[in-house]
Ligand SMILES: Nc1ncnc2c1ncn2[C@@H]1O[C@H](COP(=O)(O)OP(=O)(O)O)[C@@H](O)[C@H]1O
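Presented below, as structure tokens, is a lone chain in the form predicted alone.
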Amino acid sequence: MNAHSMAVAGAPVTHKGEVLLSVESISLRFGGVKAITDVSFDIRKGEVRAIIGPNGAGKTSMLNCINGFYHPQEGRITYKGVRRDKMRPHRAAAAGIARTFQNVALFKGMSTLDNIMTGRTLKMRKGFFWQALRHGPAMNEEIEHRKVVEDIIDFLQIQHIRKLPVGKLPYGLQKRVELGRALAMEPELLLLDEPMAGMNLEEKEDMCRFILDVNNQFGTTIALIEHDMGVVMDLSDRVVVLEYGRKIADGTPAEVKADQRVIDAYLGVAH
């Protein structure tokens, strides 16, 4: 797969460093419980942006707001210069935002190849009638999509499991398949929710390498949640830190690492 094949068709041209997505004064409540309170930050084109914080900080809730699964009661989210009110996940996907999850969300009885093919659904132009017939234009289109999927399989080095049911795979490989499905959507913004959770050291090193390759080779902008501070410091261009749903720090990995509020939050110092 090459960088051209990962470009998002029809997307406005943005240059590296421009703001791709901005979160402005977002607040999210569930009944009387505040999950996020007045949080603002941005994600710039071409960067790896980490969202970190202790358990219960509101990190996954923030990703859910960005891709339209949750709708904050206050504030606004702007993506590619357009304010996105009441964004739905399928619209976010169509706009170039792909997502992986804390707990692997794959079709366990389907093969690696077929799971990654499901990421091409939004790219299929022929209607259900043609797809059902698997004939003529739809067959030609499927061949095109399968070529993209095979390129992703090669890129992620999972050729040996392409026909295996994903439910039989080790957890680390399942996470790689889920990344492959997200890449099949040709995202402009890739949201990764704890992509290395539950992995051993070797699996983490592999996943780090693939994330950096996706960013460097395809120019894909990445926002990720990760608990491993070593990984965050190695991967990220900028880091935003949440605690109890509020932003307590935002900056380069070095700046965040040296911030006393961040140190206190991770050490559990009483405020």
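Numbers for residues come from their place in the sequence shown, where the first is 1. Only a predicted model underlies this, so the values are computations on that prediction, with no experimental measurement involved.
Note that the form predicted in complex with the ligand isn't included here; everything after this is about it.
Taking the partner from elsewhere, every residue among 30, 35 and 58 has a non-hydrogen atom within 4.5 angstroms of the ligand in the predicted bound form. Listed stretches are 202-210, 216-224, 233-241, 47-55; the contact stretch with the ligand in the predicted bound form is 47-55, by a heavy atom cutoff of 4.5 Å.
Put simply, residue 70 is close to the ligand in the predicted bound form: some heavy atom of it is within 4.5 Å.
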